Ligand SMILES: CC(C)(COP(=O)(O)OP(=O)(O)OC[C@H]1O[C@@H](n2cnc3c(N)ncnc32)[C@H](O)[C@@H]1OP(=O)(O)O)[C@@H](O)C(=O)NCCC(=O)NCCS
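Taking the form predicted on its own, here's one chain by itself in structure tokens.
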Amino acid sequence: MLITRPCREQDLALLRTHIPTPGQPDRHGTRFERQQHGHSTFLIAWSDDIPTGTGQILWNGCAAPEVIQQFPDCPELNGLDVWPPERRSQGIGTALIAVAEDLARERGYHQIGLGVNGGNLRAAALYLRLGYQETGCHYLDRYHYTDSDSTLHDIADPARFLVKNLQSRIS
């Protein structure tokens, strides 16, 4: 059975065991801390008491200036991941997205957005099928992390921002 809910502190050990974050030693802890400060909701999908997917809603929206300018009051669904890869295409990502959309509706938002990497055609097809729409907003998804050797990595991936209207529900 699949259950999707916000992360709890006691979930972190299982997350670290079952969903690796190569090169990012404590990505799960960082996301949980962000949630604790009220900046996000860190979601976990569970299959038979094993974490199989994660994602977070950034309540202040996407950090890219191009996106903020066009969508100033739009939370961003960010960092969707299903693990292991063999579990993809089994509804886990769709379940995470549905819970994120419901949480955004509960908070009174009329839309939610997400960025998709230019080369991630599989994810883009899912988002479009679930009712997300192209906005024409292209940007560089910039982020950094420090690996286990204490080397800082600055990343800039080309992405496009998709938005879904939450006032009408698409199943």
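The model shown is predicted, which means the values in this text are computed figures rather than measured ones. Residue numbers here begin at 1 and follow the sequence given.
If you look for the form predicted in complex with the named molecule, you will not find it shown, but the lines that follow are about it.
Interface residue remark: residue 125 is counted as part of the site for the named molecule in the predicted complex, having a heavy atom within 4.5 Å. Using a 4.5 angstroms threshold between heavy atoms, residue 129 counts as touching the named molecule in the predicted complex. Heavy atoms of residue 100 never reach within 4.5 Å of the named molecule in the predicted complex, leaving it off the interface.
The named molecule in the predicted complex is approached by residue 93, whose closest heavy atom lies within 4.5 angstroms of it. In summary, among the residues 60, 69, 146, 120, the only one with a non-hydrogen atom within 4.5 Å of the named molecule in the predicted complex is 120. If you take 60-86 and check each residue for a heavy atom within 4.5 Å of the named molecule in the predicted complex, you get 80, 81, 82, in sequence order.
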